[in-house]
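A single chain, nothing else alongside it, follows as structure tokens in the form predicted on its own.
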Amino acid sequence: MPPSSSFQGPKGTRDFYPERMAIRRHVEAAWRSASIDSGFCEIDGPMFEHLELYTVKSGGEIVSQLFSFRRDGGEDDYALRPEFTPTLARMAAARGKSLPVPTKWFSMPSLFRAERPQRGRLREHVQWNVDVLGVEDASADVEVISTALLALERLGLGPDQVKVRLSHRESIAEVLKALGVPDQNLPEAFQLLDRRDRMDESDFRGSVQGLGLDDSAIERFDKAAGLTRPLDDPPEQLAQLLGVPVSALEGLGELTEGLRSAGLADWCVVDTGIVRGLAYYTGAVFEIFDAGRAERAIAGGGRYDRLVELFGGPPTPACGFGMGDVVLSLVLEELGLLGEQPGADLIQPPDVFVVSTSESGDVFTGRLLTDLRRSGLHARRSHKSTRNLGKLLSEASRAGARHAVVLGDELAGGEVLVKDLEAGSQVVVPLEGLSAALAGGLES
């Protein structure tokens, strides 16, 4: 009888069988090592927050995008966290002026969004967040971007596979105002820029017209929405293309210069259509894309200098990014960076595999496994009832073990047979020194 649908995983979520869990841990290991090597400390917060934490900055319309709830008989409204930045800002506000400068934090929380699942976007995912607080200049933005690229590089990606598309909201605001967009319409104009790639031509032009622009300004707005330039292009050239003075692009220029100085120019392009949809961004913004399929963002972030203050803390400059595991894992798999058997090749093989061909060996197996594991070795055993050594060694080879310890007749003399499954050789080893011999890289 097939299982009831009520016993299947919720729509938009994942079950992590060993192969998928190995991929997740592989990605998380790169995230964590890049964070720590770049001087960030790990934090976390509750899986659910007061609903007001999200509505205070995004308005009540965000509630439809969240998994929100109220405890039976309770009075408080909560929501499963859809992002981590508000939690981080709340935590920073609670510490106030006692935070060191700079404060460098990273986290890897599970996040939840009540939206229609699609390829690369689920209702639950793991996200890597990296943030610098307390630094006003572009060095902090460069720091978080370089940390993101360090992790991607450790996963096997390079500037031919991924690109950082970056911009600056204050610079783009100057461009929009030069086109004739009134200050009160800037938020709507930012939303249009953010959604440009997901709108058809007629809808986009109609929405731009609603900003009060004439035909000439609409053409220039459309151009600004899709303008990309190499990082090494002179700023005067970009300013001329956008029809603004170079001074209007000052913030963007500081960021691009910092990235060039850090040796990251090959990874980056200027994209004036990148503004990020969330209203709390205040300055530099960026998204990291799969270069093969530009519609897929692997990560996104920017500067949010007023968010900590919004949650009751002191004025605190801040910037950071979030990188989800879903799209990143798809990119790694499509590029063949997860092995021939994605996930299976990432499962840690045992150092030694114990098999028994005698009754005395059966009795001793448990004790030997304990001793091997206490010595720091990854040791497994066979649970097959067969005494056929060939079948037992085949099992050890399939598990990926290099050495197999055979508990057979040699036990009577206080020795065991150790087979090197890669070299096809074997040697008899005193039982008393077996752990040390294996830990030291036993030579046959």
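Numbers follow the displayed sequence, beginning with 1. Being a predicted model, the structure only gives us computed values, none of them experimental.
Unshown form predicted in complex with histidyl-adenosine monophosphate; subsequent notes refer to it.
Q. Wondering, does Gly251 line up within 4.5 Å of histidyl-adenosine monophosphate in the model of the complex on heavy atoms?
A. Heavy-atom contact with histidyl-adenosine monophosphate at 4.5 Å: absent for Gly251.
Q: With heavy atoms only and a cut-off of 4.5 Å, decide whether Asn129 touches histidyl-adenosine monophosphate in the model of the complex.
A: The answer is yes: Asn129 has a heavy atom within 4.5 Å of histidyl-adenosine monophosphate.
(Q) Within 4.5 Å, heavy atoms only: does Asp345 come near histidyl-adenosine monophosphate in the model of the complex? (A) Looking in the model of the complex, residue contacts with histidyl-adenosine monophosphate do not include Asp345, since no heavy atom lies within 4.5 Å.
Q. Given that the partner is absent here, does Arg260 sit within 4.5 Å of histidyl-adenosine monophosphate in the model of the complex, heavy atoms only?
A. No, Arg260 stays farther than 4.5 Å from histidyl-adenosine monophosphate in the model of the complex.
Q.
Given the stretches 71 to 79, 215 to 223, 324 to 332, 89 to 97, which is the single one in contact with histidyl-adenosine monophosphate in the model of the complex, using a heavy atom cutoff of 4.5 Å?
A. Heavy-atom contact with the partner occurs in 324 to 332.
Q.
Only one of Ala297, Val135, Leu150, Val244 gets a heavy atom within 4.5 Å of histidyl-adenosine monophosphate in the model of the complex. Which one?
A. Of the listed residues, the single hit is Ala297.
Q. Quick one: of Phe106, Phe353, Tyr304, Trp267, which gets a non-hydrogen atom within 4.5 angstroms of histidyl-adenosine monophosphate in the model of the complex?
A. Looking at the other structure, the residue within range turns out to be Tyr304.
Q) Hey, which residues along 101 to 139 are within 4.5 angstroms of histidyl-adenosine monophosphate in the model of the complex, non-hydrogen atoms only? A) Stretch hits, in order: Arg113, Glu115, Gly120, Arg121, Leu122, His125, Gln127, Asn129, Asp131.
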